[in-house]
Ligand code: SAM
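Let's start with one chain on its own, the form predicted on its own, as structure tokens.
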Amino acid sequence: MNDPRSLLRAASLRANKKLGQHFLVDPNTLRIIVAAAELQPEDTVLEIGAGTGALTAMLAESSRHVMSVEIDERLRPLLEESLIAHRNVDLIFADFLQLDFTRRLPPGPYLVVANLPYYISNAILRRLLEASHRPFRMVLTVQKEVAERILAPVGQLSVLALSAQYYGQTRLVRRLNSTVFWPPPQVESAVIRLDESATPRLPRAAEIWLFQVIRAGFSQKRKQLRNSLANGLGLGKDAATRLLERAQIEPERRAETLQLSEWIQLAQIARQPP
């Protein structure tokens, strides 16, 4: 691979702190990420953050098509030159959070491989997990604390962790030393893999309602569920208490202690007449 540091220096460019740019410069780490994705020759890959194209090139060599989204227009000449040999790469210069990415992708299944900017990693994950056409697999480099939230056990769950659990299987691939990045971040990092469940747990309308209930439960995280649900769902405290009792959930519990199966049960009962 071309060393990102050399490419940036040759182009008189520096990492943009506002965009949270920390470029992966270690070839072994890039190979670990690509191996974790288990790419097949017919796969379509969505990459978020092309950087200098080091990971993009490896993805292009192992898949049919790569759509790589990069927000930093300064990198356009560098990327177009470094990826000139890879005709199966579609470079899109846009803000991923504003991009209707599912319409830009070719029809059919796709997976995501990305070194996510840490300051918006939660927002990007939400977009991917809540998309109507979700990827069947994601291999993501994220801040270690984000990885820990996604992989958290019962008792420490969050909306993000429950979203990932609903999506499918999650696992830690590798913890990363800051020296594999340039410039090195001030925080630790990790590579995680998420695989979509073979079949959806709920119809789309019920799924949307489920996460409305979950967000209501976490709207006042430190309060008992009967209080946070009463506020988040616009119920009276007594009505929220009765709802929880019908779902066989103690009203005094807090949102982070509920398993996904309990949230599903609660959401289903909340849609039924009292």
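Source: prediction; values computed, not measured. From 1 onward, residues are counted along the sequence shown.
The same protein also has a form predicted in complex with ligand SAM, omitted here; what follows describes it.
- Shown alone here, residue 168 lies farther than 4.5 Å from ligand SAM in the model of the complex, counting heavy atoms only.
- In the model of the complex, ligand SAM lies within 4.5 Å of some heavy atom of residue 72.
- Taking non-hydrogen atoms only, residue 24 approaches ligand SAM to within 4.5 angstroms in the model of the complex.
- Though the partner is left out of this view, residue 136 does not reach within 4.5 Å of ligand SAM in the model of the complex, counting heavy atoms only.
- For the three marked residues, 50, 96 and 117, a heavy atom of each sits within 4.5 Å of ligand SAM in the model of the complex.
- Only one of 36-44, 208-216, 232-240, 62-70 places residue heavy atoms within 4.5 angstroms of ligand SAM in the model of the complex, namely 62-70.
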